[in-house]
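Presented as structure tokens, the chain that follows is alone, the form predicted on its own.
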Amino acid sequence: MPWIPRGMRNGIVTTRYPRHPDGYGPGFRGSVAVARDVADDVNLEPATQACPTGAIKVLEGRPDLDRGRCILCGRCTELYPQVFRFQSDFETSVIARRALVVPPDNEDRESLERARQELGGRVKSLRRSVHIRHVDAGSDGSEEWEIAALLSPVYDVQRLGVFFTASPKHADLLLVTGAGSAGMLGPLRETYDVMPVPKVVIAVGADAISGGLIGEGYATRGGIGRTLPVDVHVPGSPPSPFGILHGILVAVGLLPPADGGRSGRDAPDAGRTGNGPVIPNVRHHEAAP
């Protein structure tokens, strides 16, 4: 049985995130950051034309990047490395769709806070075990591989009291991937309707958020936002297992969203016993262990 000495040699491989920081290292392409100050003589139009999903807009010389559309192709970072750069973060999930546009606009903080409080009021009634129903609404299959990895020994999402269920009648969270194909909109809505209240919807990946490369057309709706009320958006194409896990924990109020606000129950109370999965000593990913 060669697996026995190999297992003893490798030791415990399961991550301790979110109790302790973890990640994929500095070379991981987690998201694209945008410089706040850009010289007036820099013409960014080639970047907007090179972006295959139209994620980059330039208004009055200021570049905006919509992470809900970004597929992390890297064309903008190659053309303008002084403006666009990859960063290794994976905690990029947000509650409000507009919060995916970077640099952020701080003028609408009140509506963002109202959205957090509304979501927090719903997830307070969730118990220690959270059950997820996953629906593929026209995905290319890449997000499904990342979701399946959550059940592997490395991530072991069940250690956090998070379980996948085949029945929407038993589900608290609806995890949706895909661009919203016409043939899946009806079944997707039916799945949502039969879920018990409270229920939370998580859009996983650029396809589910905006349609991704496909966008909107005769066969797709350009994401699921027009079909279901989305509570948490997880950008990426595809998002990593850590990124999806962060979105789940944001949805149940155990970690703050990427825009810096508080989600669900207030962050200082996230580790205490009570409603929702019990995760002691939850810390944000910024500090080293």
Partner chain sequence: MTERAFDDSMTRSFVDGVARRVGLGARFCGLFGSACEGGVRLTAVMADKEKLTTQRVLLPAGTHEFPSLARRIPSASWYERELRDLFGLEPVDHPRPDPLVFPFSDDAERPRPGTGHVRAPVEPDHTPLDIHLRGEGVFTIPYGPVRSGVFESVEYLVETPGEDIPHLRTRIFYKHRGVEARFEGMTVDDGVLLAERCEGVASVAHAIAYCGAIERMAGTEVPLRAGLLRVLHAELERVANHLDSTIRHTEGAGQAVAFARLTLHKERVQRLRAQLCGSRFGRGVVIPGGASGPPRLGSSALLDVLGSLESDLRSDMRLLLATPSFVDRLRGTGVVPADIASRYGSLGPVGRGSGQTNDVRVARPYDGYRRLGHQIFEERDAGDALARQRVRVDEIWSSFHLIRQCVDGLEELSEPERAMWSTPVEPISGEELGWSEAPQGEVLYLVELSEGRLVRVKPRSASFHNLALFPLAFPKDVLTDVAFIEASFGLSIAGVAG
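Positions refer to the first chain, counted from 1. Source: prediction; values computed, not measured.
Omitted from view is the form predicted together with its partner chain, to which the following refers.
S.K.: Find the only residue in L79, L213, V194, V101 having a heavy atom within 4.5 Å of its partner chain in the predicted bound form.
M.R.: Among L79, L213, V194, V101, a heavy atom within 4.5 Å of its partner chain in the predicted bound form occurs only for L213.
S.K.: Only one of V162, L119, V135, L112 has a non-hydrogen atom within 4.5 angstroms of its partner chain in the predicted bound form; which is it?
M.R.: Checked against the cut-off, the match is V135.
S.K.: Taking heavy atoms only, is T92 within 4.5 angstroms of its partner chain in the predicted bound form?
M.R.: Close contact is absent here: in the predicted bound form, T92 is far from its partner chain, nothing within 4.5 Å, heavy atoms only.
S.K.: Looking at the partner-bound form in the predicted bound form, is D156 within 4.5 Å of its partner chain by any heavy atom?
M.R.: D156: no, not in contact with its partner chain in the predicted bound form.
S.K.: In the predicted bound form, is there a heavy atom of its partner chain that lies within 4.5 Å of any heavy atom of P229, even though the partner is absent here?
M.R.: It does not: once its partner chain is placed as it appears in the predicted bound form, P229 has no heavy atom within 4.5 Å of it.
S.K.: Verify the contact flag for P238: yes if a non-hydrogen atom of it lies within 4.5 Å of a non-hydrogen atom of its partner chain in the predicted bound form, no if not.
M.R.: Although its partner chain is absent here, P238 would touch it in the predicted bound form, with heavy atoms inside 4.5 Å.
S.K.: Using a 4.5 Å heavy atom cut-off, indicate which stretch of 55-63, 37-45, 251-259, 238-246 touches its partner chain in the predicted bound form.
M.R.: Heavy-atom contact with the partner occurs in 238-246.
S.K.: Do any residues of 161-188 have a non-hydrogen atom within 4.5 angstroms of its partner chain in the predicted bound form? If so, which ones, in sequence order?
M.R.: Sequence-ordered list: F164, A166, S181, A182, G183, M184, P187.
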